[in-house]
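Before any questions on binding or motion, here is one chain by itself as structure tokens, the form predicted on its own.
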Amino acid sequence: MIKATKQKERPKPFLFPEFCKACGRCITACPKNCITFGDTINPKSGLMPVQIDMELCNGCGLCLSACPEPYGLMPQVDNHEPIDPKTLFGEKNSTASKAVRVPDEVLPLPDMNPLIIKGTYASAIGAALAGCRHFFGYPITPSTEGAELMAKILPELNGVFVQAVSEVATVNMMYGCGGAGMRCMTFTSSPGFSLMLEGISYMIGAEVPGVFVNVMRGGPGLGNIAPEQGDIKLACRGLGHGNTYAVVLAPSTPQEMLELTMLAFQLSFKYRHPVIILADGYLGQMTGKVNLPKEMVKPGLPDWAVFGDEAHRANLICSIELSEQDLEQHNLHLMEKYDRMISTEQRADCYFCDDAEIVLVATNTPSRMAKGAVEELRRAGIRVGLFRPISLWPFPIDAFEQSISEARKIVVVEAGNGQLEDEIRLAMSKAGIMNYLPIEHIQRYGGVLPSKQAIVDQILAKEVQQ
């Protein structure tokens, strides 16, 4: 038996005659046919504002949404106190005792030969295998091929592909889809990612999952379409306004593009939070060998989803807290979530770090050049190792501290102006490593990557000087 509760009456529209342009949009939107064209000229505007039969009006609000600026229609309110959207219409009734969670299913995949594919293709396949059936995006080089593949395969999986009108539209579509409990993703590149930051902040505030694959290119501005690592600061420290952080994963091979995309969906729903994958232009376009996993995911439905059915009717997705005290508590909740991410989601790969006197630090494609340099320098008798952070946020400081235990200096190799180095310095400072080793760097800019030979030459030159 459903308990009857008194709901707040929905506000009916109030007409500002001097602002009404008599465009008729509200008339078309009204399902009760209670709005008609007027027959009296307003002396302030010289136009004939519409007329509203308040007896027929049910306060649905569709006319308010239809009214263009400057708004001729506004909701009637008894006072000017802000109304919390969570309580606007009172308690939401449902015949379900509680929201229903539909668990994911893990389905076996047959053995298949390896694929030779681009990094963006590998990420798209990983998304599909992780249960992603919704894609929203706007084409931008060098990430477009991932979107193209999703456009081909999602219809075959009863999925949805939408090319949005912009990156701003993209992220807001993801907000709605993720809020409904559906797995969704986008491919973008640096300028497009910048446009998505406000929406990502909303998704973090509303605790909405979604996966963003940013194939970084040269900047600032439009820059060029060559690879760079200039978005590390943006992804790790600048995800929109407010106290916003998200797990940032940095693959270095097409194989990791697939595996980390699958992981990204898992983490996104584990924490109800966006996850960022930072690749670079070469990695997005590079062709490599990719082995498919043994299993794929058939997506379920979380109990918190605003799915539109009876079982989930009482749910609400919202990033606004009108009370300062409530917003503070919500921020504390998010900070507790960040602490859990920091303690459990650090990931790194170490190569010859156990006895390394010099530790190179690199990620994405530059880490491949650094790995080759380690092998050549080892043959020359210099004990060099490579520390490759896979999670840029949280930075894997625990593994990093262990990897530099025998070292006398750190050399950061990156295609950028020190954004990876800044993450290292900040992570060490926060970990209380105050008297840390000397840090040198090898940097290139504008889409030029550090070469293996440049790394070898700089290390050898410094060793000779010493």
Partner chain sequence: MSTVFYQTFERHAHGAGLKGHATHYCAGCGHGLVQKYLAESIEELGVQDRTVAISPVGCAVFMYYYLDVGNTQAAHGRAPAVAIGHKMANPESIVISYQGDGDLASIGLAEIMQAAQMGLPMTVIFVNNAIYGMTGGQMAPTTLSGQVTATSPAGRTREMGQPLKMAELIAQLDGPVYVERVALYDNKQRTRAQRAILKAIRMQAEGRGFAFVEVLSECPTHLKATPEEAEQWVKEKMTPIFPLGVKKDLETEPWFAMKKPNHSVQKLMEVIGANKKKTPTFCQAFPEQIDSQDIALKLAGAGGDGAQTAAMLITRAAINEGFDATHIPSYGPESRGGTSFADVHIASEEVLSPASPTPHILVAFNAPSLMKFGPTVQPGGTILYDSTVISEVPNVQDDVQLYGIPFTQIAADLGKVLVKNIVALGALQAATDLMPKESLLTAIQQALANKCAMIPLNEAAFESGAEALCLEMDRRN
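Residue numbers count along the first chain shown, from 1. For clarity, a rigid core is taken as the largest C-alpha set superposing within 1.5 Å between two forms. Since we're looking at a predicted model, the values are computed, not measured.
Keep in mind that the form predicted together with the partner chain is not shown, yet the notes after this line are about it.
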(request) Tell me, yes or no, whether E69 is in contact with the partner chain in the predicted bound form, where a contact means a heavy atom of each within 4.5 Å. (result) yes
(message) Taking any heavy atom pair closer than or equal to 4.5 Å as contact, tell me whether R10 reaches the partner chain in the predicted bound form.
(response) no
(message) Please determine whether D457 contacts the partner chain in the predicted bound form, using a 4.5 Å cut-off between heavy atoms.
(response) no
(request) Decide whether D339 counts as a contact residue for the partner chain in the predicted bound form under a heavy atom distance cut-off of 4.5 Å. (result) no
(request) Name the stretch: of 397-405, 434-442, 416-424, 58-66, exactly one has residues whose heavy atoms fall within 4.5 Å of the partner chain in the predicted bound form. (result) 58-66
(request) Kindly confirm or deny that S45, E310 and L316 each have some heavy atom within 4.5 angstroms of the partner chain in the predicted bound form. (result) yes
(request) Select from the listed residues C350, V160, V102, I382 the one whose heavy atoms reach within 4.5 Å of the partner chain in the predicted bound form. (result) V160
(request) Could you work out which of E357, E375, D354, D303 is the residue within 4.5 angstroms of the partner chain in the predicted bound form, going by heavy atoms? (result) E375
(message) Within 4.5 Å of the partner chain in the predicted bound form, counting any non-hydrogen atom, which residues from 146-176 show up?
(response) I153, E156, L157, N158, V160, V162, Q163, A164, V165, S166, V168, A169, N172, M173, Y175, G176
(request) Indicate whether R25 shows a C-alpha shift of 2 Å or more between the shown form and the other one, with the rigid core used for the fit. (result) yes
(message) Relative to the superposed rigid core, does Y445 relocate between the shown form and the other one - that is, does its Cα move 2 Å or more?
(response) no
(request) Align both forms on the core first, then report whether V456 has a C-alpha shift of 2 Å or more between the shown form and the other one. (result) no
